[in-house]
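The form predicted on its own is given below as one chain in structure tokens.
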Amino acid sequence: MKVSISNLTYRYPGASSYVFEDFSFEVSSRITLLKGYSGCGKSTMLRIIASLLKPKKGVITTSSDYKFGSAQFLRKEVGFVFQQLNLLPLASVKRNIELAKKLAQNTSQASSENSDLWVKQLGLEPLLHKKPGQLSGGQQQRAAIARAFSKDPAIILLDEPTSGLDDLNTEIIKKALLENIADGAICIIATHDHRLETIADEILDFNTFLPMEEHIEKMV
């Protein structure tokens, strides 16, 4: 899979300044980190790639067979883990995973084996019949990642997947990502966690696009 962004310009409705202006880059590496301070546009970029936000101008293309921005593209090609994990609170971990595959219309034997692999790699087997409210923060994060990967997405987008997690949960997630992302798929991670740098094939530092002075202005 490849994602190409050309001359992207975006600002939030009502904002006076642009988050991105004539910004271009291409992702084809297996694991790419978008790193930088809070407010530098990492999460915004993930939402643009997922076609959840529409830029003012610019061209976004992928090597997918589905049209970028279409319902099929989002349902079949994109797996997204938000900072707000959005696990269904009344459904078990197993049911959360099953529903994700069903919505993607991916119920093949290969998909089942793939989701079983992620469940095992992320240490979720003892937790499958528990509901999200019965899990720790790290367990919920791992469940959300397993759900996102269960539909075999070609594009996986992770927004701060290890934020606030201890080293053990972080290592479990790193190991699973490093060993189990499918050939040809890409994983784009927005993070300020230096612990993830060791698994990255490419690192894009957003701090080079938003100077420190602008970070300070956003924080004041």
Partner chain sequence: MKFLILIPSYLWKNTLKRWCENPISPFSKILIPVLLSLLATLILVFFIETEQQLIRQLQQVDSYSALISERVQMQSHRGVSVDKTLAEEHMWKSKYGAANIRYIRQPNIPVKWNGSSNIPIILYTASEYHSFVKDGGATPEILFLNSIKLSRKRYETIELHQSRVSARCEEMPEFVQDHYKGSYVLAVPIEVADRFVAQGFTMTIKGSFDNFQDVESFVFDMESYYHAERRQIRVVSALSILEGIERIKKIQYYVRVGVVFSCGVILALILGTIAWLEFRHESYLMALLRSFGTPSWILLIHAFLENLLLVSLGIYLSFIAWQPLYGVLKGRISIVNLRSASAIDLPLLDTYIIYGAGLLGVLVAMIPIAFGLRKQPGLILQ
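Positions refer to the first chain, counted from 1. Since this is a predicted model, take the numbers as computed values, not measurements.
The form predicted in complex with the partner chain is left out here; the points below concern that form.
In the predicted complex, the partner chain lies farther than 4.5 Å from every heavy atom of Lys94. In the predicted complex, at least one heavy atom of Leu87 sits within 4.5 Å of the partner chain.
Though the partner is left out of this view, Leu74 does reach within 4.5 Å of the partner chain in the predicted complex, counting heavy atoms only. Mapping the unseen interface onto this chain, Tyr12 counts among the residues with a heavy atom inside 4.5 Å of the partner chain in the predicted complex. For the residues Val59, Leu178, Leu53, Leu168, the 4.5 Å heavy atom test against the partner chain in the predicted complex is passed only by Leu53.
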